[in-house]
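Next up: a single chain in structure tokens, the form predicted on its own.
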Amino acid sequence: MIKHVSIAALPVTESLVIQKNRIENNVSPESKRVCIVTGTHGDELEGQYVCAHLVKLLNSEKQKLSGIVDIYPALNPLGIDSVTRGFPLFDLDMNRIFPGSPTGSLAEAAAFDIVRDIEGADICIDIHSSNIFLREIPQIRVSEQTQAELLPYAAMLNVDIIWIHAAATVLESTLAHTLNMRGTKTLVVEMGVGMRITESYCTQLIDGIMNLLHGLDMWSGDVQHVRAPIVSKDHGVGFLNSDAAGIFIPSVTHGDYVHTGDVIGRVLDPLTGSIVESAISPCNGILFTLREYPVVFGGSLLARIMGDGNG
């Protein structure tokens, strides 16, 4: 069932319409509700595939569902339509204006409606891709403040890594923080790369979402075996930034296990053809972030490594 979450008038007789697809069965006052949200950033498209597949799967076997699954494929439809990361017309990041305001700007009013619609759900899964510069393996990011509540659910979602952020680095104006502070448990998924769809990552997360629904006694169908994620805090993550400008050519594969001293890639000077920097791994661990866009400058992030403490 398609429902409107927020509607606002735009110039030239057009409208901003944010919608959700509600799939429900065997609903009672005790039924659980899970929300799948994505499309906050218009250049993040991995969640579009996840939503499309979930709608098809749940509708085709609705008799196996008990409860409500609300699927929000485009919280920022104008951004998706224009392939723009932010909210067009206002030149802002929509994930920096929550909880919004009913009397604020167009974007703030939309944010307010979104929070009001999701609030009260048992679980919300907020799906993001990376930007066009970096590729991420499927991971969930939670804050130290919410880890005790969220880790049991995060472990069900078939991701490779759970990254626990220090409370000081959490942005209070995000959708996830707003909902978590209001009692709606919200998990942030990051995977893939901006403006692309990595089908294998999407399938991995879909299997995890179905496993979560099964764990919540909302799904009686078959589920796939899910992997046990690596859990790490900020101090367990090694960052590798470029010291030079040029073209970055990786020499390892995204998701590889690397060792201290391994060459992750090289920065080339296109003018002279010389290697101006060899990027060296600072620790042992899984390469969970890797530079996708090749042009780099001094300070550009090249890689992140989830350290195992053995190097």
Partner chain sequence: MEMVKNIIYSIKSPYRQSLDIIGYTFGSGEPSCCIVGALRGNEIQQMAICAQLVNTLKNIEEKGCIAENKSIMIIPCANYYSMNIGKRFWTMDNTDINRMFPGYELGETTQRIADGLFKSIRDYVFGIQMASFYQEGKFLPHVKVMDTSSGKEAAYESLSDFGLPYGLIRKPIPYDTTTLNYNWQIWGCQAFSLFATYTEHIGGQSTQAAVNATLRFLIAKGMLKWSLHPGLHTRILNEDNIWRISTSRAGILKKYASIEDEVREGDLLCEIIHPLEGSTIDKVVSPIDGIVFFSYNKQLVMEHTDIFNIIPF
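Note that this is a predicted model, so its numbers are computed, not measured. Residue numbers count along the first chain shown, from 1.
Only in words, not in the display: the form predicted in complex with its partner chain, which the text now covers.
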Identify which of Gln145, Gln224, Thr203, Ser105 has a heavy atom within 4.5 Å of its partner chain in the model of the complex; exactly one of them does.
Ser105
Could you spot which one of Ile280, Ile275, Val252, Ile247 gets a heavy atom to within 4.5 Å of its partner chain in the model of the complex?
Ile247
Would Ser66 show up as a contact with its partner chain in the model of the complex if we use heavy atoms at 4.5 Å?
no
Within a 4.5 Å heavy atom cut-off, is Asn284 in contact with its partner chain in the model of the complex?
no
Distance check, Leu10 to its partner chain in the model of the complex, heavy atom within 4.5 Å:
yes
At the 4.5 Å heavy atom threshold, is Asp243 in contact with its partner chain in the model of the complex?
yes
In contact with its partner chain in the model of the complex (heavy atoms, 4.5 Å), from 182-190, 97-105, 204-212, 227-235, is stretch 97-105
Residues of stretch 129-151 in contact with its partner chain in the model of the complex (4.5 Å, non-hydrogen atom)
Phe133
